[in-house]
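There is one chain below, alone, in structure tokens, taken in the form predicted alone.
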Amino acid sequence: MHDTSRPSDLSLAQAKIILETQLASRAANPVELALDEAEGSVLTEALVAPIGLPPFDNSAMDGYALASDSLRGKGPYELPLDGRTLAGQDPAPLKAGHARRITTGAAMPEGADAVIIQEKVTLDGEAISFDERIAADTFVRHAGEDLAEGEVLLQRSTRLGPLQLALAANVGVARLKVRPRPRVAVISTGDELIEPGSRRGHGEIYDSNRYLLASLAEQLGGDVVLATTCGDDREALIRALDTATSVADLVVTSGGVSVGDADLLPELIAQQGDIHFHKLALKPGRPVLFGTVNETPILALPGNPVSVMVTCLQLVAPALDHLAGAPARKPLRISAQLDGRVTKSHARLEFQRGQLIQSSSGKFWVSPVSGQGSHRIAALRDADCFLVLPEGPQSYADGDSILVEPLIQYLR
């Protein structure tokens, strides 16, 4: 017998605390992955650089390597050449009193401590001449100046993106110990949903939430292993949840979570598992539910597409962080000047869609997009940020400062 009592109308902040409490201990066991498999996973131990960066002194420019102390008195100077060194070669020592042709990234020969760029040199057969005296270290990249051998290159719990993978490769590391991307199952619910491309009857709509959620889950750090649609039928929903919970670390559903006649998920989840919260002081997205079925966490989101977007970014994102063993991301919010007027009379935290621009002076301005209804998916096309309206009635006049959450931090 499961306890169906639960808090309702929590704040978003309270809901995130519950997510962390329930999910932080569920992170997957560490595995070792090759670099080309590790994108989006999270390091379970710090990566210490086995070599310095750069690993050897090298030339920063195409030019000629020389010993600065071989330049005596005032110019012009003339030095014979003793060959050339290309990137990837192990150079012989520089002959005393000579210069050597060298390319960008090539190892500095022993005996050379500076590079003169080719634009400042006149080449005459097997010798160069130039007027400018060159100081030691000119256009030389020194071994370890970017990163010393033994220095921590990546901290534990770092999520691996393109830069982090490039850094690991740059020090010769081919495999990393990580927690893998959490497996996500996505279920769109509703008898009215049909597949894109099929013939639509009156009263039916094409299922867009499945594609929205699956794409968002991937971009937020999940690995979508199942994406399906299910009608508003109790037995079909039970079968869908059984399948989803057997293959995923997190199940995300849309629709069927409010108080309508076909909203079966709250009662079903309460009977099949546990509910940790249902209904937040949030707009859009109040009916969102977090629970557990078959010992697998489930986030049941409302059915309107804008509600799906908001609750996915605000709740699915930190849930995936916890399941990946990473610190929960803290959304970047900036202050912008409002171009227009915004008011709300209700007490809930509200996210409205907006367009953000930056003036030539560097100041950010934001305009609400037309059509703020949670069903208006086309209005999302025109939005690149959320206007964050705090709890309680709010009123903002044209030119007022307002908090804005850019969407670029979530979306590739």
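Quick note: we count residues from 1 along the sequence shown, nothing fancier. Bear in mind that the values here come from a model prediction, so they are computed numbers and not experimental data.
Missing here is the form predicted together with a small molecule; even so, the following discussion is about that form.
- Stretch 302-310 is the contacting one of 316-324, 302-310, 129-137, 97-105, since its residues have non-hydrogen atoms within 4.5 Å of the small molecule in the model of the complex.
- In the model of the complex, residue 192 approaches the small molecule with a heavy atom inside 4.5 Å.
- In the model of the complex, the small molecule sits beyond 4.5 Å of every heavy atom of residue 245.
- In the model of the complex, the small molecule sits within 4.5 Å of a heavy atom of residue 205.
- Using a 4.5 angstroms threshold between heavy atoms, residue 263 counts as touching the small molecule in the model of the complex.
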